[in-house]
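For reference, the chain that follows is the form predicted on its own, supplied as structure tokens.
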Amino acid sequence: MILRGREEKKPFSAKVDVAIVGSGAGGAVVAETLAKCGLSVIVIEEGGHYTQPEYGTFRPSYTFRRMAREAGLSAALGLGDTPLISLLAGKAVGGSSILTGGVCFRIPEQFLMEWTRDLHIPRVSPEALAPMFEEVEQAISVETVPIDMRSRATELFVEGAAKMGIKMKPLRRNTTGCKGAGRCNFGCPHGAKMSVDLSYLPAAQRHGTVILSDALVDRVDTSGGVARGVRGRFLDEAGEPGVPFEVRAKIVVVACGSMHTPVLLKNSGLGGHNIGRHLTLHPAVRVGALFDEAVNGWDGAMQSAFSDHYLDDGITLNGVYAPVNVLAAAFPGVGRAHKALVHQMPNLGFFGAMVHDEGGGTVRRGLGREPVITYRMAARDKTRLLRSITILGKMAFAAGAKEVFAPVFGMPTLKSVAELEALEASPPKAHKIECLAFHPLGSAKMSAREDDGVVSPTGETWSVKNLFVGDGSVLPTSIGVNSQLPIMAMALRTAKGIADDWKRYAAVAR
């Protein structure tokens, strides 16, 4: 059952076992897991509800206006020698899972061992999390992208990598029946991407879960150091808060994502110096290349190949393409120069890279609904970012590219490896680098000691009982890979812990 808040004219109240704030990758997994155990569950989502046949027809720009936070214009403000970093997050029933490329990685073992050995967090070893990953992978149909789904643009970058001794591997994505439309980040037009609005949420609904859309939660109610429910207001057609709602619950799970979970926790009176700190982003760049032949980068899977060749150096290479109107907006030049490049779009290929960062971000409450996010990039990470540009450019030249488009505003196209190396040797000011991020993590991180984080190893907040966090904000460090599957596996771990210890939590709630 889905109640659209924009259609509600009277105050709404309910009493359930579990209230979940956020319907994305984490919240949906928690909802389905606990509903399947027989608990009554309500999922509360600030964004609207759009069916796949609806959003599958949206133009990319319209998708962002309707289904992304700040119409796709969210950003982390760079401090010091740090670029402005564009951030993409969903705001709809299904959350960011609708707007991801569908890429699915397990957390690399080296990070899980660090969490276990150095951070002393239990039940996060590779062996302990393997069943969680397996269960999620089956539920969302994770499969390997076949080689014949690669566009010619991707093939050329792969060929260039091979000449440099860089091994490429096929990506795994949560798809079934992919037709290679190349617009995964804007909602699959064919319903082939098994985002949570097509997988976990329908399963949760079959077990009685109610979903409230267009519902902005203002605060988590607490008394006696225990979470008691949430309250907020439904949003009208213009997105303005109006009719109030209240949900009483024995357990509250906050799953608003790393950009908004800290804000809700602070608005609910939670203290602690770690809330909103330690944000990691996986800063990323994309490099374009102009070839003599038509490469038609849109003809195939948007993401189909990657390389962990440089993982020990904190760099992951990742195939990527996007709708042509989005890519064209970042082309250098103005007027006729820009138009000339747009006309060469069939001959332009792209590939990306992202950095395993140290966690220099902070989330603070802003004047309105959106938080103020700042990020100070470590010198090491900026070096890695520039090295990524050089690596990608060399791959392109090795594959026969005539020119390379570095992600530096105002820079003309590069025509040789020497020019690439000069760019790395004499780096531009950080504010000139076009930098993107899609995996904000860690702003309410899990810790073995209260002084070191926001939630305990069970996912329960240290300061309030029966209040859990079930999204990427709990991850204790950057993981260097796409975050959808890791978020879902960690949320499943938390949900199973709640189910196993339900009687104790229910007793606390009395």
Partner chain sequence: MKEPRTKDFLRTTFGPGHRVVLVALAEALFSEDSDVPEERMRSFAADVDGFVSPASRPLRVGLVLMLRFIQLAPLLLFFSFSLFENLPVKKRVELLDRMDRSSVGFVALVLVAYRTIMTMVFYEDPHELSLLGYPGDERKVFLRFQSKKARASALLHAEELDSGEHEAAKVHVAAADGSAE
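Positions refer to the first chain, counted from 1. In this text, all values refer to a predicted model and were calculated from it rather than measured experimentally.
One more form of this protein, predicted in complex with its partner chain, exists but is not displayed; see below.
Contact flag, residue 290 vs its partner chain in the predicted complex, heavy atom cut 4.5 Å: Residue 290: no, not in contact with its partner chain in the predicted complex.
Proximity of residue 70 to its partner chain in the predicted complex, heavy atoms at 4.5 Å: It does: once its partner chain is placed as it appears in the predicted complex, residue 70 has a heavy atom within 4.5 Å of it.
If you check in the predicted complex, is residue 128 within 4.5 Å of its partner chain, heavy atoms only? Residue 128: no contact with its partner chain in the predicted complex.
Quick one: is residue 150 in contact with its partner chain in the predicted complex, heavy atoms, 4.5 Å cut-off? Output for residue 150 is yes: heavy atoms within 4.5 Å of its partner chain.
Find the only residue in 164, 379, 329, 418 having a heavy atom within 4.5 Å of its partner chain in the predicted complex. Selected residue: 329.
What is the one choice in 402, 120, 431, 273 with a heavy atom within 4.5 Å of its partner chain in the predicted complex? Flagged contact: 431.
Report whether all of 102, 248 and 485 sit within 4.5 Å of its partner chain in the predicted complex, measuring from non-hydrogen atoms. No, the candidate spot makes no contact with its partner chain.
Stretch in contact in the predicted complex with its partner chain, which is absent here, among 120-128, 221-229, 341-349, 251-259 (heavy atoms within 4.5 Å): In the other structure, the partner sits against 341-349.
Can you list, in sequence order, the residues from 59-79 that come within 4.5 Å of its partner chain in the predicted complex, counting heavy atoms only? Sequence-ordered list: 59, 60, 61, 62, 64, 65, 66, 70, 71, 73.
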